[in-house]
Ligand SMILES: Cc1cc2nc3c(=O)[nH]c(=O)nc-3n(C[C@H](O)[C@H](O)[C@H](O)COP(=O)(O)OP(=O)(O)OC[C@H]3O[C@@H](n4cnc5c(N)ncnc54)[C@H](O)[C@@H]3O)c2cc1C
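In the block that follows, a single chain appears as structure tokens, in the form predicted alone.
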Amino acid sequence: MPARSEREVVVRLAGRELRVRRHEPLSRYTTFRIGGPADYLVRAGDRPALELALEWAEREGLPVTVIGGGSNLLVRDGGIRGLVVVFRAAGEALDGSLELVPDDGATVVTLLATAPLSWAGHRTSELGLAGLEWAAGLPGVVGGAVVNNAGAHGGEIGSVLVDVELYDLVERRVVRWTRADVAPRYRMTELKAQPRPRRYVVLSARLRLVPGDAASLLRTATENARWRREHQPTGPCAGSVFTNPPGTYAGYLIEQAGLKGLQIGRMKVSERHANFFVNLGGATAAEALALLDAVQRRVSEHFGILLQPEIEVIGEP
């Protein structure tokens, strides 16, 4: 176990080295730029690194929380006890990892969970494969997108999902879930429904994409990314805060309730898109939760609709 005075130590385990950071602020690993400290934190870019981190946590008797790109996530100010594994990698390092298998006129693409979602949207479009162009410009990684059934511009990952390869943290083995097992629905899956700390970590996903014109798909992907930059805030935020109620849009309800620009502490409802909260710098999770509660309450008073959070809240108060 590393000494208290050491912020990072190198642990040698099974002939390999594992860099472990202690009391690491999780604000560095979320798109909200909010979050208290992890007791211990390891960055893992592939399955062997993940397994090594899990082996060390087991040896030390630590609970494990795995996060990906850190979008759609609010970590409370008290941080997370035990070991946090940040499971993601740079897209450029993953280019050779794409597996393409023809399948009855379509192509089954295997994407590693650590791959950035935006990169996956651009790369499959370049290859002339349709079905992920909506993902261009979105934050997060493929694993998180599968867990949350992420989507935009009328598409979602669940609609093209074949199956997923998962790592079972309890039995320390790899299992495969079909699309039916994952049960994707609007911004929810059986994986997301697991209580934290979750038992399963996504290792890879197989997606069935159809042929398309690469130039046209790239134009669509580029346009989607451009639209996002122009219509959604670019500062520290976590994506859509609330899911859309049936028949309407959360952003529309928030705007009509006169809440654009509402601010609590250093957290503010975006004036560009009302379903986004922006960290103006130095915001706390307590301020973000207070703003979320205020927006829920005001929209309920105006429209009789209780908005449901899309962002996931984890960690200690």
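Every value quoted in this text rests on a predicted model; they were computed, and no experiment measured them. Residue numbers run from 1 along the displayed sequence.
Omitted here: the form predicted together with the ligand. The next part is about that form.
**Student:** Would you please decide whether Q232 lies within 4.5 angstroms of the ligand in the predicted bound form, comparing each non-hydrogen atom pair?
**Tutor:** Result yes; Q232 sits at the interface with the ligand in the predicted bound form.
**Student:** Look up in the predicted bound form whether G68 has a non-hydrogen atom within 4.5 angstroms of the ligand, and give yes or no.
**Tutor:** Yes.
**Student:** Heavy atom to heavy atom, is P184 within 4.5 Å of the ligand in the predicted bound form?
**Tutor:** No.
**Student:** If we define contact as a non-hydrogen atom of the residue within 4.5 angstroms of the partner, is T31 a contact of the ligand in the predicted bound form?
**Tutor:** Yes, T31 is a contact residue.
**Student:** Would you say all of L117, P139 and E310 touch the ligand in the predicted bound form, counting a heavy atom within 4.5 Å as a touch?
**Tutor:** Yes.
**Student:** Quick one: find which of 97-105, 242-250, 211-219, 193-201 has residues within 4.5 Å of the ligand in the predicted bound form by heavy atom distance.
**Tutor:** Comparing against the ligand in the predicted bound form, the contact stretch is 193-201.
**Student:** Which of these residues, V160, A152, V109, L83, gets a heavy atom within 4.5 Å of the ligand in the predicted bound form?
**Tutor:** Exactly one residue meets the criterion: A152.
**Student:** Though the partner is not shown here, which residues of 98-115 have a heavy atom within 4.5 Å of the ligand in the predicted bound form?
**Tutor:** Just A113.
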